[in-house]
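First comes one chain, alone, set out as structure tokens in the form predicted on its own.
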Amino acid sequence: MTVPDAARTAGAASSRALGATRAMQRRRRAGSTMTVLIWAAAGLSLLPLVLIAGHLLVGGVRVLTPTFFTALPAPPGVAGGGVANGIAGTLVLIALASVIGLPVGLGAGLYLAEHRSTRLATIVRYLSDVLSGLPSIVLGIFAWEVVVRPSGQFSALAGGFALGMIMIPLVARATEEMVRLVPVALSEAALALGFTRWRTSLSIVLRTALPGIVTAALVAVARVAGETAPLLFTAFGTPYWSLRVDQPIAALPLQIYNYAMSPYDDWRAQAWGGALVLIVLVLVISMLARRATRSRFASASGGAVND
């Protein structure tokens, strides 16, 4: 190789190395830029939550006294009082909604997952999507027409029915997605061992998908725990103690709505406190349910190892 050829070869290699270095620098700058943008987007997504939590803490902590949790609402214009009946009523309504919505949603989700290609499954899936997109006030009016009007009175049962209708499509669609993630080999092995189809679905498939289903149920509970519009037409609310399912019942969202709309400063302050209590209530329910689920799976794993 002549000297000019060697020089050209060395120059070409140097140019390629320089080009590779510049390309690497561009990729690093692009990667750093995208990392900064992702962190900025994450911060912006958390900003509303931080602002809401800050407002609730500033406006609600000062009214969180023992009386706030144990006393009934005070008359208009009178300082003091609490939301004890609203907290108890909210728990009753959540329990009624869970009794109505969770079994139906779980059953519908299992059916959609096990018979996904049938005509009935397609219709049920479509109706679930439509039902989940309906405004909650429409479901409240439906519950009023079906439960309140025939009985002639507002009641906790009507409120639980309306909230349960909101839970059904959420639980059904989430259960379907979680069950479809379960490996088919598990159900095939159970069927090969002689399990019936329904026992396989309940004992094997549903148990495997339980963590995801529990999460979906918690999301549904969190959704209905703060609903106000359906309760205006069903539970109606009351300033007195009432835990009967056939009578009007107080609810924390209703009290927050009424207090926030009132002209009294003390009631508006209690609205902030009630909103803070409602968020903490949902958080506690979620934490207890997750802990119970983890404990169950831990004990099941330990039993399997011991066996």
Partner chain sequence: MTAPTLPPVAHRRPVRTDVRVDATPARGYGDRVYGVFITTCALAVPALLVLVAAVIARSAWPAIEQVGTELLVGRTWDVPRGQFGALPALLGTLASSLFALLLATPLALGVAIYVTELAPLRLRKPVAFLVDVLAAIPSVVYGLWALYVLVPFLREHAMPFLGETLGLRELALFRGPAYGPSLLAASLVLAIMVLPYIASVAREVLQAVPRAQREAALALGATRWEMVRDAVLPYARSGLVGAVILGLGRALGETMAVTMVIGNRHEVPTSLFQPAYTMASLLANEFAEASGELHLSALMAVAGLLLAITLVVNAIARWLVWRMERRA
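Positions refer to the first chain, counted from 1. The shown structure was predicted, so the numbers you read here are calculated from the model rather than taken from an experiment.
Unshown form predicted together with the partner chain; subsequent notes refer to it.
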query	finding
Check all three, 111, 168 and 194, heavy atom within 4.5 Å of the partner chain in the model of the complex	yes
Contact assignment for the partner chain in the model of the complex, among 155, 85, 98, 201, heavy atom within 4.5 Å	201
Among the candidates 218, 137, 72, 210, the residue which, in the model of the complex, approaches the partner chain to within 4.5 Å (heavy atoms)	137
Contact test in the model of the complex: residue 65 vs the partner chain, heavy atoms, 4.5 Å	no
Proximity of residue 179 to the partner chain in the model of the complex, heavy atoms at 4.5 Å	yes
Partner contact for residue 118 in the model of the complex: the partner chain, 4.5 angstroms, heavy atom	yes
Exercise: residue 39 in contact with the partner chain in the model of the complex, heavy atom 4.5 Å	yes
Interface segment, criterion being heavy atoms within 4.5 Å of the partner chain in the model of the complex, picked from 210-218, 182-190, 74-82, 90-98	182-190
Residues of 123-138 having any heavy atom within 4.5 Å of the partner chain in the model of the complex, listed in sequence order	124, 125, 126, 127, 128, 129, 130, 131, 132, 133, 134, 135, 137, 138
